[in-house]
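The chain below stands alone, shown as C-alpha cells; this is the form predicted on its own.
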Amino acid sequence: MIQKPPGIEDIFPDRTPKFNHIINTANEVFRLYNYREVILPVMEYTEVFARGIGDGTDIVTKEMFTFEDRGGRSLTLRPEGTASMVRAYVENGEYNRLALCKFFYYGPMFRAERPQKGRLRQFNQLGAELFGSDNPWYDFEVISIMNEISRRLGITGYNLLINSIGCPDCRKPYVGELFKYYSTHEHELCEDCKKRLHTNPLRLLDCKVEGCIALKQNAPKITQFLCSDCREHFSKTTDLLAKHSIAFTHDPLLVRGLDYYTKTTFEFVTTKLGGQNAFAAGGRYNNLVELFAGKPTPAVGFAAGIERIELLLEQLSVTERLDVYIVYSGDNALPVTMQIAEELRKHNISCDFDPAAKGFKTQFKKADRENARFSLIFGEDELANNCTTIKDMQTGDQVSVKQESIISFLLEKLT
C-alpha cells in the first residue's frame, strides 16, 4: 500500500465541514472590511522567499522544499503567503498603481519541519495584506479582522501579544546591544543560536529551545531604542486597540521569525495548542515592496493557520446536511424518483437516492448516515395517489404531499 509522506494529511468529509466553516467565516469578515481575494501560485522562484523572508531565517535555511526544474531554475513550494503576495503585487502593475489595495488569500503552504501537533509539512493558511498606507489605523484593522474571525468562530481563551520592532534606523543600535548581551552568554546558546549571533542576533529572540528562552528574559528590550516615529506609531496602534476594547499584552521581546517586519508585530496565542501556541500572527513590512523592485510602499498583514484553528474548535460540531434522501419501493417508483431528484436539484435542493435499493429499512439507514433533513417516500400507495410521504428525519413526523407541491413544501421548510 502506498502511503502519504509524513506531515501531510488527507482531509475527509468528517473534517471538511469544519475546515470550510473556518474559511467561509473568514471570507465573510474579509468582505465586511472590503478585502478582495487573490489566488496565489503554490510555487515561486526560490529568490522570492530568500529575498522576502530573509536568507538567515530558519524557514529559508532549513524548512523550504526547493528543487530545480528541467531548465535548471530553482523553484520552491511556498512556505508562507506574504512574499508571494508582494511579488504578485509588484508584478501586476494595475494594482500597485492604486493608492490602497486590500487583499486576502488562503491555501496550502509547505515547510520541511518535524511533524507534530499543530505543525505539518503541508498546512493551510488564510491571510490578509494591505498595501499603500503607514497609518496605524490599518495595523489596528488587520488585528481587528483576525479578532473578529476568532470571535465568530467561537475561539476563547487566547491572548493578543503585540510589540514594535522599530524601523531599520532604530533597530540597528538595538541589534548591537543584543549582540553584546548574548556574546557574554554564547556558551549557553544552542548550536543554531551560536550561528545566529553572528548573522542575525534578532533571531535569537525567536528561538524555541528552553535554554535560549531563559536567556531571553534578561535580554535588552527594543522599547528604549525606538525612534520618535516608531514610538508614536506603536502608541497610536495600541490606543486604537484599547479604544475598541480589544485586549492585548505588550511583549517587548516579540520579534516573529521573519526578517521583513518593521514596526508592529503581533501574535494570537493560546495555551491549548501545546508548544505551537500561536494560531495567527502578522505585522507591518514597510520596506518589502521596495525590496522586490517596487516603489516604496508601506504594508501590513497577517496569516492564520487553518489546522491550528481547527484544533481550537474541537468541541464545535459542524456537519454537512443533505436536504433530502429519496426512499422508494419497486421498479415503477424508480423513474419517478429520478425525475423528482432532477427537479429538486434544479431548485438547489440537495438530494440523493440509491438506484439499486433493496428495501425501505436499508434506505432509511442510509438517509440517517447521510444526515438527511427529510426523506421522500415513494411506495405503491404514494404512486397510486400521485403523492409522496415526507418524513422529517429529526422529529419523525410524516405528512402526505402531492407531487406537484413537493418543491414548494420543501423550499418553505428548508429556509
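Residue positions are given as counts along the sequence shown, with the first one as 1. Keep in mind that this is a model prediction, so the values were computed, not measured.
The next section is about a form of this same protein that is not shown, the form predicted together with histidyl-adenosine monophosphate.
A.B. asks: Run the contact test on 118, 278 and 308 with a 4.5 Å heavy atom cut-off to histidyl-adenosine monophosphate in the predicted complex and return yes or no.
C.D. replies: Every residue of the candidate spot has a heavy atom within 4.5 Å of histidyl-adenosine monophosphate in the predicted complex.
A.B. asks: Which of these residues, 138, 182, 261, 325, gets a heavy atom within 4.5 Å of histidyl-adenosine monophosphate in the predicted complex?
C.D. replies: If I apply the 4.5 Å criterion carefully, the residue I get is 261.
A.B. asks: Quick one: of 225, 123, 103, 292, which gets a non-hydrogen atom within 4.5 angstroms of histidyl-adenosine monophosphate in the predicted complex?
C.D. replies: Contact residue from the list: 123.
A.B. asks: Counting any heavy atom within 4.5 Å as contact, can you tell me which stretch out of 174-182, 148-156, 329-337, 297-305 lines histidyl-adenosine monophosphate in the predicted complex?
C.D. replies: That would be stretch 297-305.
A.B. asks: So in the predicted complex, does residue 285 come within 4.5 Å of histidyl-adenosine monophosphate, heavy atom to heavy atom?
C.D. replies: Yes.
A.B. asks: So in the predicted complex, is histidyl-adenosine monophosphate close enough to residue 251 to count as touching (4.5 Å, heavy atoms)?
C.D. replies: Heavy-atom contact with histidyl-adenosine monophosphate at 4.5 Å: absent for residue 251.
A.B. asks: How about residue 163 - does it come within 4.5 Å of histidyl-adenosine monophosphate in the predicted complex, if we only consider non-hydrogen atoms?
C.D. replies: Taking the distances in the predicted complex, the answer for residue 163 is no, it never comes within 4.5 Å of histidyl-adenosine monophosphate.
A.B. asks: Can you check whether residue 80 is within 4.5 Å of histidyl-adenosine monophosphate in the predicted complex, heavy atom basis?
C.D. replies: Because a heavy atom of residue 80 falls inside 4.5 Å of histidyl-adenosine monophosphate in the predicted complex, the answer is yes.
A.B. asks: Using the arrangement in the predicted complex, list in sequence order the residues of 83-114 with any heavy atom within 4.5 angstroms of histidyl-adenosine monophosphate.
C.D. replies: The stretch touches the partner through 105, 111, 113.
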